[in-house]
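Starting off, we have a lone chain in the form predicted on its own, written out as structure tokens.
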Amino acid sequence: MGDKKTLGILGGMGPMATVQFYRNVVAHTLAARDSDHINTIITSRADIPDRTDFILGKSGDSPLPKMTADAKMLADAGADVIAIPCNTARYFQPELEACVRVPVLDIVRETANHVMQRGFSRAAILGTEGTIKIGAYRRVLDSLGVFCVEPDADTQSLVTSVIYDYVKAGLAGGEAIFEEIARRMFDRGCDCLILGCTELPLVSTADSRIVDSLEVLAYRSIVMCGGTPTGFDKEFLSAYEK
């Protein structure tokens, strides 16, 4: 364990997604005792302005200053690798990478690479309106030869409702809406569905065709920090065995 590194989690976007991500890291790290786990530093600044509102021009309050402040705080506290469990925050990836001297994992690129390595060819992307607008997944998937299918306006409104009206609001009932969203996207001929918002794993169903960006980020974080991944299913691990 001498090569073990410290993971910094830049969280708070939203808080439950941060909790779920850390739970994934702990649950999927091979450990027989406390000290076998990855050293982790977590920030969860709940007042980081909404990323989608800024991207869509609904707010002039940029989340970047608080995000860069937290990234620097994590690095100064000893983080060797930084993970950001928020897909929409990928809009600010260049600035975040530039403000620290440690690697900042790119959740979108890691997830897109995973999809490509699994052999999927027509991927549905579910995310916030901000993530869809910036086309982050579409551009990366296109570069990898994977066709990207985005929701139509009506389906996107359901995705937005699940994220904001259910998960972020702490209300139950989003699972049934998620199932309808998934059905619609698979009916459009998609062979996989990317959970491109870190709130969605909290309401998603178990399906080998669903790719959870939080799970991908957890796997890469464990590996980058010198831990041994465990407990991932066979289909998931097939992306890393080629």
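The numbering used is simple: start at 1 and walk along the sequence shown. Being a predicted model, the structure only gives us computed values, none of them experimental.
Although not depicted, the form predicted together with another copy of the chain is the subject of the following passage.
Interface membership of residue 23, defined by any non-hydrogen atom within 4.5 Å of another copy of the chain in the model of the complex, is confirmed. Although the partner is absent from this view, residue 61 stays clear of another copy of the chain in the model of the complex, with no non-hydrogen atom inside 4.5 angstroms. For residue 168, a non-hydrogen atom is located within 4.5 Å of another copy of the chain in the model of the complex, even though that partner is not displayed. Another copy of the chain in the model of the complex comes within 4.5 Å of a heavy atom belonging to residue 15.
Comparing 69-77, 91-99, 143-151, 125-133 against another copy of the chain in the model of the complex, the single stretch with non-hydrogen atoms within 4.5 angstroms of it is 69-77. Contacts between stretch 17-53 and another copy of the chain, counted in the model of the complex as any heavy atom lying within 4.5 Å, involve 18, 19, 20, 22, 23, 26, 27, 31, 32, 33, 34, 35, 37, 38, 39, 40, 41, 42, 43, 44, 45, 46, 47, 51, listed in sequence order.
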